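Given next, in structure tokens, is a single chain: the form predicted alone.
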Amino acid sequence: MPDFLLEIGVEEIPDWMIEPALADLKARFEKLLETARLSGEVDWVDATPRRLVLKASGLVESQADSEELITGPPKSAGTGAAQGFARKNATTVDRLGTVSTDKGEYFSFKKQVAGRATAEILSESLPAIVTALYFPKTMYWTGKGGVRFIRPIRWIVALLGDDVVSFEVAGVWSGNTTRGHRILGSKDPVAVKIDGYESVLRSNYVIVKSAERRARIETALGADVQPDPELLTTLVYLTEWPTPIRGAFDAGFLELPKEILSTVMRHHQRYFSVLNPDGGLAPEFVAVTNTDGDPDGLIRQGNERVLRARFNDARFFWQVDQQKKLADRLDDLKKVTFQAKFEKPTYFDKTERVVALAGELASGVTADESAIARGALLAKTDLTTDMVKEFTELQGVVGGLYARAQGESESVAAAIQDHYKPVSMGDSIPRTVEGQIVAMADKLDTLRESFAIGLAPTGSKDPLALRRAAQGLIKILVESGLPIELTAYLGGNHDLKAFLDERMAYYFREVKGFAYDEVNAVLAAPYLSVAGLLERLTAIHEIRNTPDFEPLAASLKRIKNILKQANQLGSDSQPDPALLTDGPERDLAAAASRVARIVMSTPDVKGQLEAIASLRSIVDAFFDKILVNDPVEKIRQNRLALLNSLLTEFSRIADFSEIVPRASETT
């Protein structure tokens, strides 16, 4: 059972596109193994900037023979039709069978299909796998209408055991030769076998495994380097032979804020910052080069020279910008467009809206309302500074630093500095309540104005980053626990409400790890605060494994279906106690009333759910003994009203009909 190796050699792939492409490559090849019955499994996928690699093992030499049932004409067509069907399948009439269908009896033939060679199947299938790999952007390089790929394909290695799997993509034929490091490796193609593949490339200054490149960088960084996992991953996929080099800069630059220096090093130069024992910046940095060292210090000197120029620019911008206070820059925002399609399109217009919205959000929260108003007013003014025009990654950060330097309160400065946060699901929310309110107002304004004119995201297109704004808004509400009724600030826009519900479902499933049916259940019920949704989800998740919960949820689903069929779902009719029969029916009415009182008086959701779950045996007894669709109209309607009142009362917490019993879940 041979191994298989595929290497797609290309010009440099953007680092951030590599990991998704590897996941796609793995999934597509695993699907081929399954559908083509080739057995085997993918051992690993990995990449450098110049190659995507897949290694698999345990493939069969060829498919097993199979049997295919071919259906022919109906038996009623007679002997002539049977003879024609037999000739077509190279057999005789006496070897035909029959199959029964809804339309009658049909002639059939069990055809023996010889398994194809694995090498033949791979040769046929691999070109489509390679060219179908998903990248956010692709390019032509063989002419318009030719193959599209992220970068030009320069070589392909495809080996099944010791043999080449022959195929062609965009004029490049597969073979058994790869290429080493662009500068340090052999200038000629290098022959490889599956065994020893990595060692051959290592001798040509290519470390194939990203985990090994990561470890090589981490080992050389030193304990005084500021951790930066995202930058580390970037550098892992920018290099084939990573070598950290330490450099220094003039300590006089340390008069600039740490945030500015770190951002310049990280975003513009991809350098790691170095820290003093007290946590402050040291006048050093670490660059990671794609070389085997710097014996003469020329690379270090070049990096120091570039960084010095960058820092000089930053110091100049800092000094010039300070000559004009943030408050004096408000009128400048009238010249900066936020979204041209808005009725009021400028950042000045947005500022006025955010100030008003932040005031509304702050009304029910314990916070410094004057700091919120001032922070919202000045939040966007740093967009007019030279510092942000040159270093756009510093927007917000620069505003906070300038506010602090210009005598604004710490609450105002922190709110300005943090109001873009969180910029991703891994980012933290603003540190202060004031910052959280300003950040939410900013994001909510963008969402409201965009949806008001139909600029909702479509497919993968989201030019205003509305998904990120929504996720940031939800993350702040969840993690801060602020008792803000989000739906009250959506301007009655149902599309925006649906969009935020979808984003909340994603957040609670993918980030918080709740089951899909738990999320569906709580989102189907009315809610006020997002923090309250989290409380409900947590309670349902904790109690669903108790003996009574899922059976009761199934009964409530049954009740919902009964009411739907009777067109009584959501009816406001109440049961008449006089029409209730003694026994299970009256027991259910009394128990439901008792539990409703407990739910109303119990502050924690878990306690409410435990009370509701206690109804399980009483509901079971009701359905065992009581005929809901009683032939007497008024009795039937009264029982439907009882069930409807019970369902309505408890659906305020969640729509329990959405809960799928564990045994019924499918993957």
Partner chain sequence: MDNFQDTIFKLKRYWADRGAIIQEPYDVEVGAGTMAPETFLRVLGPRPYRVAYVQPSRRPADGRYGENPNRLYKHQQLQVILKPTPADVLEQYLGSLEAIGIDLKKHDIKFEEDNWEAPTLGAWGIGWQVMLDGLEITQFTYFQQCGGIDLELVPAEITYGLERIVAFLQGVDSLYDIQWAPGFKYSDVRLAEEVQFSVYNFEAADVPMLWQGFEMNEKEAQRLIDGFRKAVKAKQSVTRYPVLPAYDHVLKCSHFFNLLDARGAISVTERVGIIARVRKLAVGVADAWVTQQAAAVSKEVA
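Residue numbers count along the first chain shown, from 1. Keep in mind that this is a model prediction, so the values were computed, not measured.
Keep in mind that the form predicted in complex with the partner chain is not shown, yet the notes after this line are about it.
The partner is absent here; in the predicted complex, the one residue of Met139, Ala465, Ala77, Val113 having a heavy atom within 4.5 Å of the partner chain is Met139. Comment: the partner chain is not present in this chain, but in the predicted complex one of Thr337, Ser100, Gln322, Thr581 has a heavy atom within 4.5 Å of it, namely Thr337. Figure note: of the listed segments 516-524, 312-320, 353-361, 495-503, the one touching the partner chain in the predicted complex, with heavy atoms no more than 4.5 Å away, is 312-320. Taking the partner from elsewhere, Val530 is found to have every heavy atom lying beyond 4.5 Å of the partner chain in the predicted complex. Contact annotation for Glu658: none of its heavy atoms lies within 4.5 Å of the partner chain in the predicted complex. The closest heavy atom approach of Arg50 to the partner chain in the predicted complex falls within 4.5 Å. Remark: Ala405 does not count among the residues lining the partner chain in the predicted complex, judged by a heavy atom distance of 4.5 Å or less.
The three marked residues, Arg151, Ile183 and Gly302, each reach the partner chain in the predicted complex, with a heavy atom inside 4.5 Å. Contact residues in stretch 245-280 (any heavy atom within 4.5 Å of the partner chain, taken in the predicted complex) are Gln269, Arg270, Tyr271.
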